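Only one chain is given next, in structure tokens, and it is the form predicted alone.
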């Protein structure tokens, strides 16, 4: 899921200083779990903006804030409320903001900073374990990603700073390459540690990324 953190309210007010009326857009998926754009947070934001003299023309929380077709449908349903707004405050990730951008010409303001793709450890706790690099190494590193989980992104680790299995940059954090070694040892595949990995191919996925699944007759998918 995409992890977000809400900007300071003073920053949000600064973004909206030229808008007397605002339409709020949340997200029923990632931002809801991050408590940065769910129904409760959208309602709370509406009250805070009203207290600052803003007119709230309406608010919606799409099931998935980055689903452009669904966002466009929601905007059509709330067309009159949107037309009354000077700006939209989008309470989701950057992708959600750009989904809203595709559906209206109104000014779009983000309430959140987009942090990373995160694994859910437990409710309200997230960790980055994948960098979306497009050149996956998990088949040779015991399904533990050194690109995301090593502070230095080392591909032929560990570095000389690891100490009793902990990272020198963050002593509270396990060294990713120690974890990789331990996992490969369990699998009887330590030879993989001796294989040289060339520098990361950061061009494996050109930006902006695009991917489409082609549908065959009969409903089968062909990428």
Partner chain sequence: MSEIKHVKPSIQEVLESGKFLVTGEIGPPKGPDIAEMTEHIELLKDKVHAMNITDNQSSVMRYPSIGTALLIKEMGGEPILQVTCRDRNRMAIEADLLFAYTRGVRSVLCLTGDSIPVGDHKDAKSVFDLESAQLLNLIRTMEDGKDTGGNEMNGSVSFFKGAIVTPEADPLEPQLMKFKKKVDAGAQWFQTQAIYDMDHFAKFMKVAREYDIKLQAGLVLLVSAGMAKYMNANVPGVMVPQDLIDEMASAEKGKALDTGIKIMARQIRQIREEGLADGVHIMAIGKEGVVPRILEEAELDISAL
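Take the two forms, superpose them, and find the largest set of C-alpha atoms that agree within 1.5 Å; that set is the rigid core. Predicted model only: the values in this text are computed from it and were never measured. Residue numbers count along the first chain shown, from 1.
Note that the form predicted in complex with the partner chain isn't included here; everything after this is about it.
Heavy atoms of residue 215 never reach within 4.5 Å of the partner chain in the predicted bound form, leaving it off the interface.
Although the partner is absent here, residue 173 is not a contact residue: none of its heavy atoms lies within 4.5 angstroms of the partner chain in the predicted bound form. Residue contact with the partner chain in the predicted bound form: residue 164 places a heavy atom within 4.5 Å of it. The partner chain in the predicted bound form is approached by residue 193, whose closest heavy atom lies within 4.5 angstroms of it.
Per the 4.5 Å heavy atom criterion, the partner chain in the predicted bound form is contacted by stretch 176-184, the sole one of 63-71, 24-32, 176-184, 46-54.
Core-superposed comparison between this form and the one not shown: the Cα of residue 162 travels 2 Å or more.
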